[in-house]
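Next comes just one chain, in C-alpha cells: the form predicted on its own.
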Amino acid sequence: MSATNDRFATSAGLSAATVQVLTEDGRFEPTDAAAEYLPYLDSLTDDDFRRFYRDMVVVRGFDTEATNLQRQGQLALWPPSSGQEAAQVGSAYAAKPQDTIFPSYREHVVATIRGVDPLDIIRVMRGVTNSGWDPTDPKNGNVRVYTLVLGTQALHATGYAMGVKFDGKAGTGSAQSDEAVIVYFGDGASSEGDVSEAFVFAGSYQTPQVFFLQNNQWAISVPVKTQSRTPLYLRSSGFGIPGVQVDGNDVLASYAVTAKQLDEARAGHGPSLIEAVTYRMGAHTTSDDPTRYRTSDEDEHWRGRDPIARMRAFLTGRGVGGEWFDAIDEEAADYSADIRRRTLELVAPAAELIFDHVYSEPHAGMAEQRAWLERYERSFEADVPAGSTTSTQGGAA
C-alpha cells in the first residue's frame, strides 16, 4: 500500500488488512489482502474501466449542480456524495440485475446506474413527491427508495433478505437466478441500534445479503475515532458476520470485493460486511457546516486521494488520451445542465395527492379527510369579497 500521512492514517483506518488494487497515484499494485479478490477483475475490459470513470465524473457534476440548486432555493436539502464515487460505482456494478438495493440517502450514482431517473432523486429533495420512484417498476433496477431515518434501511434490507431466503431464491446454485441484497449505510449509522438489530437477524437466519458501510470519516460532526475503538469492519464479527475492509477510493477494489461478497451471499453462504474507507469531501448535508469541526489540512490530505484522479491516472497509463477525458467532462456538464433545466420545470403536486397512496384500497377515512380539505379550501374562497384579489393572486388590483 502506498504511504499515507501519519496524522490521518489512524482516522482513515487503512491497514495491512485493507484491500487495495490501485495506489493513490493510479498504479496497479494490489496489496496482499487483495489476492483472493483479483479474479473478479479478470473479466473487466477497458470499456468497463472507462465506464467506471465516466460514471464517477458524471455523478460528481450532478452532485455539484444539485448542491448549487439547493443554495439557490430550488431544493429543500441536498446530501452531497463528492469523494465517495469509487465506493458507490464499484459496488453498484458488482450487483446483478436480480439483486435488490437498499440505499441510504446519498447513493446517487448507485441509483442512476441501476436505472433510476436522477430527476426522481431531485424530486425527493425538492419535496414534490411522497417517495421518489416506484421500487417495483422494473426500469428502476430493484432500487428501494431513499431513507433519511438513518439505520432503518438495514432492518428493511434484512427483512427483505429473509424473505429471499425463505422463498428459496438464494443458494440454489443458479448464477442466473439466485438473488442477494445489498444495503448501504454510513459510519454514523453503524453506531445505531437498528444496524445491530439487523446484524442479529442476518446472522441468525444467514440471510443472502451484504452490508455496505461507507466510512466517510464523519457522522455529521463526530469523527470515527470517537465512534469506535476498533475498525468498523470488525463490528459485525460479534454477530457471526464476517467483515472485510476495502479502500473505498479505489473503484477496482470496491468492485472486486463487492462482487465476491455478493456471490457468496447468492450461493447461500450468509451475510457479510464491507467497510469502504472513503471521505466525505463536502458537508454532511447542505444544512451542515463542516468547517466548524474539520481542518483544512485534513481536507487537503483526502483531496490527494481523490478517487476520480486515481482512476484517471490509471486510464492514462493504459493509453487513454486527453480528448476522451475532455469529452467526458463535456458530457458531465450537459448532464448537469439538463438536470437544472428539468428541476426548474418541476411543479408542486396537488395537495390531494397525499391521500392517494396511504392505503392500497379505497378507505373511508381517507375519503372523509379529502372531503374535509376540499371544504376547508372552499371556505377561503367564500371569505374573499367579490371583485378583490389576494396577495397570493398577484397583489392589489
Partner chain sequence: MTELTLAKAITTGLADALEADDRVVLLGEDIGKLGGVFRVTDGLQERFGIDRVVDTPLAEAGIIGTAVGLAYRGFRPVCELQFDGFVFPGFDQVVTQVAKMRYRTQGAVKMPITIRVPFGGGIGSVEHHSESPEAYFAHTPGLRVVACSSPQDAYSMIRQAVESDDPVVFFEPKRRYWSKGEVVTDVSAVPSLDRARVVVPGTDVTLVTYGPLVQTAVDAALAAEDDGVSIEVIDLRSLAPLDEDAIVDSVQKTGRIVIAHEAARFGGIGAEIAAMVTERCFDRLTAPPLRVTGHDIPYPPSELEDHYLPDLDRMLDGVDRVMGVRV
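Treat the numbers as computed from the prediction; the structure is a model and nothing was measured. Residue numbers count along the first chain shown, from 1.
If you look for the form predicted together with the partner chain, you will not find it shown, but the lines that follow are about it.
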item	value
Partner contact for Asp329 in the predicted complex: the partner chain, 4.5 angstroms, heavy atom	no
Partner proximity in the predicted complex: Asp194 to the partner chain, non-hydrogen atom cutoff 4.5 Å	yes
Contact test in the predicted complex: Asp334 vs the partner chain, heavy atoms, 4.5 Å	no
Close approach of Trp324 to the partner chain in the predicted complex, 4.5 Å, heavy atom	no
Listed range touching the partner chain, judged in the predicted complex by heavy atoms within 4.5 Å, from 111-119, 243-251, 139-147, 294-302	139-147
Contact assignment for the partner chain in the predicted complex, among His363, Arg340, Arg27, Arg51, heavy atom within 4.5 Å	His363
Listed residue (Lys169, Arg126, His284, Arg312) with a non-hydrogen atom within 4.5 angstroms of the partner chain in the predicted complex	Lys169
Those residues of 160-184 which, in the predicted complex, come within 4.5 Å of the partner chain by heavy atom	Tyr160, Met162, Gly163, Val164, Phe166, Asp167, Lys169, Glu179
